[in-house]
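The chain below stands alone, shown as structure tokens; this is the form predicted on its own.
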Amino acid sequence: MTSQTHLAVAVSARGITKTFGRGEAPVQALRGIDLDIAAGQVTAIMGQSGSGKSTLLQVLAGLDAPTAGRVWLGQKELTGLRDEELTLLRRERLGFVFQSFNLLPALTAAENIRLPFLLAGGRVTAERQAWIDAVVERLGLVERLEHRPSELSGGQQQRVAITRALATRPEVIFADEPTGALDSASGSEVLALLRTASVEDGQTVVVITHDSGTASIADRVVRMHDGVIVDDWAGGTAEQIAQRVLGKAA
């Protein structure tokens, strides 16, 4: 893997395996993954369906435990933490953007954005509200805050989800196929927003995708196949990434 200094690493994984099922036909989704995610950059993890990329995200984000191996968020080891500790850590230090938006239909956009704070039982401080207001303005949601998800387009819903992910100023944002449910124009807009989060705000962004266009926003591209990393490079344009994937198809 690409060498990183310890201070520049946001997420680390060593010897990660993940096996589903028991008996005669277990499925080994991850097979000894070693990976360092650089802080302040966009890293794309690519692969076709079944490659293990989404399972890797789940493990890196503390949403699922590995069968073997160790994971760190900065200097904090996630492996072996209790569920309550993991929940608190994810709430305070991580942000998530998913293909399905995961907005609560009964809440307005503003209420969905503030949801992480409500779940934590804390109030939104004036400083944090100022940050949220700045993100809302940047993402063009000022006129949509009182609308419910059903009253928003897919692109607007994903912008609400990104605002929610950014609201707590997390150390790492995990985005799993964030443009999968969007048209090309909305998808491009969402990718630009994730890129901006890295370039302007210093966020670490990990994008899971099978699409070379999505991966083109990344500073680094890691490609998986059958539960292992088969390629790791500095990325490029969508065309360059597609050519490399085709040229090194496992």
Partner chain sequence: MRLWAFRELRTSAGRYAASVAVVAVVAAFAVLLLESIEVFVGVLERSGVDGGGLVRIALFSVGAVFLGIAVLTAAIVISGTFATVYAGRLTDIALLRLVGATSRQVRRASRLDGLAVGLAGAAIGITAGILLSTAAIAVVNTAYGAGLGFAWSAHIVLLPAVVCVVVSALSASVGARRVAVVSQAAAMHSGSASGLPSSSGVGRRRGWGIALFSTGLVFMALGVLAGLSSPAGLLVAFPGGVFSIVGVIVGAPALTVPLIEAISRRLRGGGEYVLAGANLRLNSVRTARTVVSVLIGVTLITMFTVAGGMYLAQLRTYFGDQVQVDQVAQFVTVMLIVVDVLTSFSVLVAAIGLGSNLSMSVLQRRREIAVLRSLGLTAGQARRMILAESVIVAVVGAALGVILGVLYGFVGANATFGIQGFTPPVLSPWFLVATLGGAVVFSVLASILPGHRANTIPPAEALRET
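Positions refer to the first chain, counted from 1. What you see is a predicted model, and the numbers here were worked out from it, not measured in a lab.
FYI, the form predicted together with the partner chain isn't displayed, but the following is about it.
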Run the contact test on Val172, Val199 and Asp201 with a 4.5 Å heavy atom cut-off to the partner chain in the predicted bound form and return yes or no. no
Of Leu145, Leu115, Val124, Leu81, which one comes within 4.5 Å of the partner chain in the predicted bound form, counting heavy atoms only? Leu115
Identify which of Ala68, Leu63, Ala192, Val27 has a heavy atom within 4.5 Å of the partner chain in the predicted bound form; exactly one of them does. Leu63
Under a 4.5 Å heavy atom criterion, is Leu119 part of the interface with the partner chain in the predicted bound form? yes
Does the 4.5 Å heavy atom contact test between Leu57 and the partner chain in the predicted bound form come out positive? yes
Should Gln129 be classed as touching the partner chain in the predicted bound form when contacts are defined as heavy atoms within 4.5 Å? no
Check whether Lys76 has any heavy atom within 4.5 Å of a heavy atom of the partner chain in the predicted bound form, and answer yes or no. no
Can you tell me which of 151-159, 101-109, 129-137, 68-76 lies within 4.5 Å of the partner chain in the predicted bound form, counting heavy atoms only? 101-109
What residues in 82-96 sit within 4.5 Å of the partner chain in the predicted bound form, counting heavy atoms only? Asp83, Glu84, Thr87, Leu88, Arg90, Arg91, Phe96
